[in-house]
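Before any questions on how it binds or moves, here is one chain, the form predicted on its own, in structure tokens.
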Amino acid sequence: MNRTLSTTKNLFRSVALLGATMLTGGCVTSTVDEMVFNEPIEGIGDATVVILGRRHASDYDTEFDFIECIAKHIVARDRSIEIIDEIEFINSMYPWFEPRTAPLRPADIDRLMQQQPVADQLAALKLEYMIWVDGSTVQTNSAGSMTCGVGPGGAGCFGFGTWGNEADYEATIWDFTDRAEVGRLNTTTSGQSYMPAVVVPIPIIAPVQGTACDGLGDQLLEFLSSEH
């Protein structure tokens, strides 16, 4: 099953609409691609899920707060899904899920299960799905200038600045019982933020990472939820 979801929000229109724009954010474009091989028919029952960030790349780490955001998004919409906290899971399984030792392929689970303490702990957790999220949010460009000063009439800033952010994340779903990859999701989100200043700087932030979190969270929720 292949699905592509594209949404574009253009929220920065004019200085006259500054108040409304400030509340909703800057310009955001988001695309989510989904490929699922074997979707659960009736949810996951009393089994558990863990969502983990990949952190073995040399130039970036998948943010812990992004993983937490996805987990909260799913649980808030379906409280029957039990998601193990990422940091608690990593600490309880130390050192088997540190960046240098974490499994890179579903077949690596067999290597882990040869360690009896690991096998016992994973069995106790009733782990059904292990979801790996790989990616990060980065700043892509910036432009503009701003001047601040203090005069006889008081302090103030004048100018205009803008900067871009891009979030690119891929979630890979492992069926822990069958030792197989059963789905893959990708989201690419970009946005432009603004900071106009007429006396007081007013940031208009594009919710790039939050939009990426919602996109992945919705697709994972559809996969895991019993409410298909």
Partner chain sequence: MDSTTSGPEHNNRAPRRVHEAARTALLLCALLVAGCTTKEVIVVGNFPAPLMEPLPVALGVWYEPEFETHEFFDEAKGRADSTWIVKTGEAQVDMWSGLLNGMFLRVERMDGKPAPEQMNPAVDAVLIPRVDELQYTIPAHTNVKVYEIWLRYAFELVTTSGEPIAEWTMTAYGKTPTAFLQSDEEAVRLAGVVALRDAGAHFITSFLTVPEVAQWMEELERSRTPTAAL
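Numbering follows the first chain given and starts at 1. Source: prediction; values computed, not measured.
What comes next is about the form predicted together with the partner chain, which is not displayed.
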| task | Counting non-hydrogen atoms within 4.5 angstroms of the partner chain in the model of the complex, say which of 109, 93, 83, 127 makes the cut. | result | 93
| query | Among the candidate residues 168, 178, 33, 61, which is the single one with a non-hydrogen atom no more than 4.5 Å from the partner chain in the model of the complex? | reply | 61
| note | Note: the partner chain not shown here; in the model of the complex, the stretch from 187 to 195, 155 to 163, 49 to 57, 170 to 178 having heavy atoms within 4.5 Å of it is 49 to 57
| Are all three residues 209, 219 and 222 in contact with the partner chain in the model of the complex, where contact means a non-hydrogen atom within 4.5 Å? | no
| Non-hydrogen atom contact residue 117 with the partner chain in the model of the complex at 4.5 angstroms | yes
| query | Looking in the model of the complex, any heavy atom of residue 100 within 4.5 Å of the partner chain? | reply | yes
